[in-house]
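Starting off, we have a lone chain in the form predicted on its own, written out as structure tokens.
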Amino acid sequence: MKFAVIEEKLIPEPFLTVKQTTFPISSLDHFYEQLPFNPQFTPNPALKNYLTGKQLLLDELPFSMEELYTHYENGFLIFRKGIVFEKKSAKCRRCGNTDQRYFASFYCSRCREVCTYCRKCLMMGRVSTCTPLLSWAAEPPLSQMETLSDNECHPASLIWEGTLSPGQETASSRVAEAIGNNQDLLVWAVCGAGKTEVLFAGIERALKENKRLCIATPRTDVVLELTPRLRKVFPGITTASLYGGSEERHTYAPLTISTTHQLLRFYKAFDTIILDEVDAFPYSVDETLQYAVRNARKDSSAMIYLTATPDRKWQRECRTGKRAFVTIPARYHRHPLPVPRFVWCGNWQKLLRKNQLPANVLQWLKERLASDKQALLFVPKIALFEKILLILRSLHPDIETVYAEDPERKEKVQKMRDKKIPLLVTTTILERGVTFPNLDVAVLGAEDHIFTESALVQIAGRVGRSAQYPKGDIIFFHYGRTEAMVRARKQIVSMNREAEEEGLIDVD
């Protein structure tokens, strides 16, 4: 589509009443993205709910262009350029991409010109030089909560009979305070500390203050896990669950649980964003997703970061007072975190080429099988699976492997939960997000670069998560110690020391 600008007003080509030269929206300057608000105009509530806090393409909207433009004329709709050019370099305003390798051009039948488009966020629909991004300009829709007083019958009230540990209680208070004051806060909590429960009070405060809140995570399976838990404890409000293929992506809700990818469709939407697993792939390395999270925040808003493994830069900022943070250094069951053991296993790759495993690795695995203790064996590469499985299947026929693109991944993880698999050989795909109650863990080739400090802390965090089985063995088999290994163990020891000093764990 092309537009003209008359008296700084944007006019789509089909609505011109006089002959006027038209251009793709990205070629135009000096126009009002939003016209003055007309309080006499009655907006379409369906359109309001559809676009509040969003930035969508025309193709994503089930409304006529005539209706959309009428709302723009009355100040309720914003038209923004999808692609802008800064010093002749393209920038996508939806995903923030400025890498020119991710832009391409084609002859566009809509504007009858050569159009530049962004390939970085193409999976969300094509943003090009002639496509505007549409957003709602007014206040969010009123909810039923706004007419009620702050009492037990408030629909945003928390329905939960659990209790928090002292460490959780401290963090919970800090989270609620940060949300109330629109501040940023890092919650640095050990694996298995019960981070979700720590959020409950802050979420309740936000909802009772009629703030719109989003919990964002890099992974779909976390969205699917969190949604029923939060719907159960906040049954009085609408909760939207957003991920690839979700049928709720156009649902307006006070509480949204979303993958970070889905936030590309939001624009200044949320008063609070809680970002889970801030260190996890792909969010940690994808500037597009980081831009999406920033873009989805309102100008005045709170940001709560959750992680068990902040990177070295963030750790340094915490130590020097440059970043507000709170730690939960202990698990709820008051037992210390299992500390990794370092065990040298020689040139294990050379042995594997001969279809052998190091004797001490094999012995450790045999002991787990003999004692009927489930175990995870982390290895650095999928290519190693075939030979390792060939060796281990001679010990037990039910041993399996699993990796990110494994078509039976969910089934194998469930079989592990059902104790039908005694030993699961895995990549770092299971370093986080899974809990098996009674587990020992080993890493083969812990010196490999894939096993970062963060990955090793998360892997160690699979052990001892259950109150019934709070102990377990975590062992790093290596052909040479790395800084990542040393730092990972140091971080775990430090958390145990802090927890002991604060009286949060029971020392044997």
Partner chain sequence: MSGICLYCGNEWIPPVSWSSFFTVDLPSYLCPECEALLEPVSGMTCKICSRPLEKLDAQFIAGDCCTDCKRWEEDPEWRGLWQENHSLYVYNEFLKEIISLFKFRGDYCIAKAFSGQIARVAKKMDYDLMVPVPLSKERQYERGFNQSEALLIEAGLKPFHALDRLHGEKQSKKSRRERIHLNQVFQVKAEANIRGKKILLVDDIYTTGSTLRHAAKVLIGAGAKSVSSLTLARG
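Residue numbers count along the first chain shown, from 1. Given the structure is predicted, the values throughout are model-derived calculations rather than measurements.
The same protein also has a form predicted together with the partner chain, omitted here; what follows describes it.
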property: Proximity to the partner chain in the predicted complex (heavy atom, within 4.5 Å), stretch among 101 to 109, 406 to 414, 182 to 190, 428 to 436; result: 101 to 109
property: 4.5 angstroms heavy atom contact with the partner chain in the predicted complex for residue 390; result: no
property: Exercise: residue 126 in contact with the partner chain in the predicted complex, heavy atom 4.5 Å; result: yes
property: Interface membership of residue 324, the partner chain in the predicted complex, 4.5 Å heavy atom rule; result: no
property: Contact label in the predicted complex: residue 420 to the partner chain, heavy atom within 4.5 Å; result: no
property: In the predicted complex, the one of 234, 332, 200, 117 near the partner chain [non-hydrogen atom within 4.5 angstroms]; result: 117
property: Residue among 343, 122, 395, 382 with a heavy atom within 4.5 Å of the partner chain in the predicted complex; result: 122
